[in-house]
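Okay, so here's just one chain, in structure tokens, the form predicted alone.
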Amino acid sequence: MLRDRRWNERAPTMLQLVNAGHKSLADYATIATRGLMDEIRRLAEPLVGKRVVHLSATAFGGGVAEINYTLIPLMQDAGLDAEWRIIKGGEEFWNVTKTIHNGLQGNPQGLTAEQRQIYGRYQELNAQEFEDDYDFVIVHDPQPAGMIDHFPNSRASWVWRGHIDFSTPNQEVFDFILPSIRRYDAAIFHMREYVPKAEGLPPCYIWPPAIDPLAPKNMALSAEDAAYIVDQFGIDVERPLLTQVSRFDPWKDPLGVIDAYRLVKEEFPDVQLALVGSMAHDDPEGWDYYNQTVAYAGGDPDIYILSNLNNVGSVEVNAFQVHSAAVIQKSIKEGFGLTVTEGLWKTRPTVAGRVGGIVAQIQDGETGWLVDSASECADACIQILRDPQEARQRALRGKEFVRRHFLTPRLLRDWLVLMNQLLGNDTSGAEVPVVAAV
């Protein structure tokens, strides 16, 4: 309990507020359809002034943070009083939530009694610093999921957004957070297959995440500018480059990517590989797996293992993707995989694991390549290097698919529909998220 008192003595009265900057919906008018933009304006009108808070574990690293840096300012521009706050946690808490994260994606490791106690204690500590004075509370992923247990009389509509693959969870771990999930007014999953088979869940909505086409990570970048940026990291811009952008995480299989690269190198000796990741404070395993990846590379001078600690930010990631002969996302488990969306949006030939939400983004043989092994990944990359023109045709089709389905204005519209529904407002005529029958 001494640790708890120290937390409260030095803590502010509110959870950390994230400055997400400013964005204007008008800037997206040339990218989204007029019909979609009109629908957003119509749906936003009855929500003007409503207070909305997003709660998540971190303000950097991973898809949730990237989405929120666009979604929150666009909600604000639409007239909502939206904000984003970050929960607190010590190393012991992040270790527990990483175990929960892995367990919900099928890892057999369960939770000890001490880990359960740690999780519950940090939910209470964060709840003590949360002002329950909102119309909507949007909770992202398992880390803050239990905070709702401390607000049984909240006037807000609470929505839980799961960003990972829940299709084959460790049942013991899932049963641990299930009582909290049941308290929410709605839950959102990327795919219908992710909705857990459990009774008592709130209404479940299915919609995928999205990327911001105007963010520095996805904005138009010329081939010349991309080459100039990549060159600063020692890449030989005259030789072909394969790139995977992801956290250093066993589910992303960077070791398998290295295996695939080595097979490609047998036919294309000049090929290079960049593994570009980010280190997030809520991912304590990241450093261990980063070190494993470096060791597995074995000092190969054509393998570049980079992260935000090497000053690789959003623009640099953009440059690596634009400059690459192929963008890889060889996940063996994946909630959705926005790096696939990013590669397709940049018209890059994209090779990705046949798992999770990736299969909703790539039509195998039409817009990209879906693979099940390192050897299949290598074969796809070899096809791309042998016939870059055919590969580009697939990539062009992939970009148009992203334009129609996976850009931020569509995601904003989905949220506006759900909020109106939770308030009992008329949403007739709007394309609403699919409600899963559970």
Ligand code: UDP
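So that there is no doubt, residue numbering starts at 1 and follows the sequence shown. Bear in mind the structure is a predicted one, so any value in this text is a computation, not a measurement.
What comes next is about the form predicted in complex with the named molecule, which does not appear here.
Asks: Go through 197-205, 110-118, 238-246, 154-162 and give me the stretch that gets within 4.5 Å of the named molecule in the predicted complex, heavy atoms only.
Replies: Comparing against the named molecule in the predicted complex, the contact stretch is 238-246.
Asks: Against the named molecule in the predicted complex, would Ala326 count as a contact residue? Criterion: heavy atoms within 4.5 Å.
Replies: Output for Ala326 is no: heavy atoms all beyond 4.5 Å of the named molecule.
Asks: Taking the named molecule as it sits in the predicted complex, is Val276 in contact with it (heavy atom to heavy atom, 4.5 Å or less)?
Replies: It does: once the named molecule is placed as it appears in the predicted complex, Val276 has a heavy atom within 4.5 Å of it.
Asks: Evaluate Pro254 for contact with the named molecule in the predicted complex, applying a 4.5 angstroms cut-off between non-hydrogen atoms, and reply yes or no.
Replies: Heavy-atom contact with the named molecule at 4.5 Å: absent for Pro254.
Asks: Using heavy atoms and a 4.5 Å limit, would one call Arg348 a contact residue for the named molecule in the predicted complex?
Replies: Arg348 lies outside the contact set for the named molecule.
Asks: Counting non-hydrogen atoms within 4.5 angstroms of the named molecule in the predicted complex, say which of Pro213, Gly337, Gly353, Pro144 makes the cut.
Replies: None of the other options qualify; the answer is Gly337.
Asks: Please state whether all three residues Glu66, Val317 and Glu342 have a non-hydrogen atom within 4.5 angstroms of the named molecule in the predicted complex.
Replies: Spot residues vs the named molecule: full contact, yes.
Asks: Which of the residues spanning 212-235 lie within 4.5 Å of the named molecule in the predicted complex, based on heavy atoms?
Replies: Stretch hits: a single one, Lys217.
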